[in-house]
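Just the one chain here, the form predicted alone, laid out as structure tokens.
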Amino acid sequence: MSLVIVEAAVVGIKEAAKLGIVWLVYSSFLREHNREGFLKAFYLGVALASGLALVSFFVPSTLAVKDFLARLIGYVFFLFFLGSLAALYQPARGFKPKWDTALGSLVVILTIVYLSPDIIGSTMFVREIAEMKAAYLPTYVSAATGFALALALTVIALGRFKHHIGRFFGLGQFLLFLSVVKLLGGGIRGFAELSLIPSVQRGVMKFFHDVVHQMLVFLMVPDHPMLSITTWNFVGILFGPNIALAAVLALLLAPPAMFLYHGLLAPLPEPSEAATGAERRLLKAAARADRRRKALPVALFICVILVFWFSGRAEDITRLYNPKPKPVVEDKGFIVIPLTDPTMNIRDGSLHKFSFYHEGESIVIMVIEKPDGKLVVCLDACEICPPEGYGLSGEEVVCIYCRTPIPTDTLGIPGGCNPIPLEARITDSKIMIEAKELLEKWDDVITGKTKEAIR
């Protein structure tokens, strides 16, 4: 069986499992609160999200569209996560009947917002792999079969627990559950990224790295070599990937952990409706049991996030592929890199480096084919770090100086720790880079003009 067919089935199974689990918990939550009428709004939202996925068949899956969907999934995760925190600390008192129409409309909107980016992204991914292998019908049938079977099995297997799960969920726990499902199953790149965790890790690391770098560049005295070396070493150690990931993990886990502390250890209020001491003790015991039940899913989510978070860090970015640069020369004002060299395949998705010597100095150029098939040409340096270059780790290039991972599909975009892009003319046989532009950008790196411009 073709790997493409298997991957399409896995994508369908993942989307169906998410939908089935969300349906189970949502319906149980509504049953517990006697609001099962809101299931119709959920079904309408699912239907509209599925309709948007069908429309996406006619939308080109460009890099910009895929990047937008990936960002949107991340925003939805944080939206539901922040909503869960607000609900955890301000428990809902129940739904007022006069709000039913407005709440039903809100459920439809939130269902579309929650489901549509994943469904559209997965649909585009399945279409893309079908086009790559020119195997349209088998790929689509495999994805649809995986989706249908997984949804049916999820509903049948978990349906027996439907009448019991709702007792463990208040509104805050339910929203936290939705955010955790999004975190663990929000990836839309098939086997390359089944979970949203790698994207969150990369995004937060890059955000921390760029903000701190630019802040320190703004504050430092660029012409003082001792201060410059000390500052960059400080940035490289203190804001490397391990500390950045620990910081974002703490941000994610601190609020639920505080809720656990408050829910399990905070004193219970005295029930005003109790007439006798025995009644007060019974009411307090019932309230304490309810708190413990609702603390259980929060504790479970914390454990799940920890397990998946650190399993997502299993990839070791310290082992980098850093090829030795091949020399290239200038010809009539252009640096020429051949594409037909029999000793290498520049379109193999790996990292290739080339060195151009100017006045006794080696200027290194990096070339790599992005996931969308386009070649990107950059300086082996960025605007922020000292020019120690990049290595390749999986589908990311990694800054050798500060160890920030950069997804290859973002190469060619200037700023931050991304490699500095170069304008290049690409033909069937060669890559041509204007020598003047190359020397100017390299001079900016060496003299610090680029860092001055950031300030």
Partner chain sequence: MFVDVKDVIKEYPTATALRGVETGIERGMWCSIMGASGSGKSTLLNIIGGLDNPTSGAVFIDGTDITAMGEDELARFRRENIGFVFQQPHLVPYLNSVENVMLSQYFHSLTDEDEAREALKRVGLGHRLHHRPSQLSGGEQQRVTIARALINSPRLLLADEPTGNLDRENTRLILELLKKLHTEEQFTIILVTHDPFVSGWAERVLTMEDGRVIKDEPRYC
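Numbering follows the first chain given and starts at 1. As the structure is a computational prediction, the values presented were derived from the model and not from experiment.
This next part talks about the form predicted together with its partner chain, which is not shown.
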Is there any non-hydrogen atom of Thr276 lying within 4.5 Å of its partner chain in the predicted bound form?
-> yes
Mark Arg127 yes when one of its heavy atoms lies within 4.5 Å of a heavy atom of its partner chain in the predicted bound form, and no otherwise.
-> no
His262, heavy atom within 4.5 angstroms of its partner chain in the predicted bound form | no
Do Met258 and its partner chain share at least one heavy atom pair within 4.5 Å in the predicted bound form?
-> no
Where, among 363-371, 163-171, 328-336, 284-292, do residues come within 4.5 Å of its partner chain in the predicted bound form by heavy atom distance?
-> 284-292
Selected contact from Leu106, Leu268, Ala254, Ala157, since only one has a non-hydrogen atom within 4.5 angstroms of its partner chain in the predicted bound form = Leu268
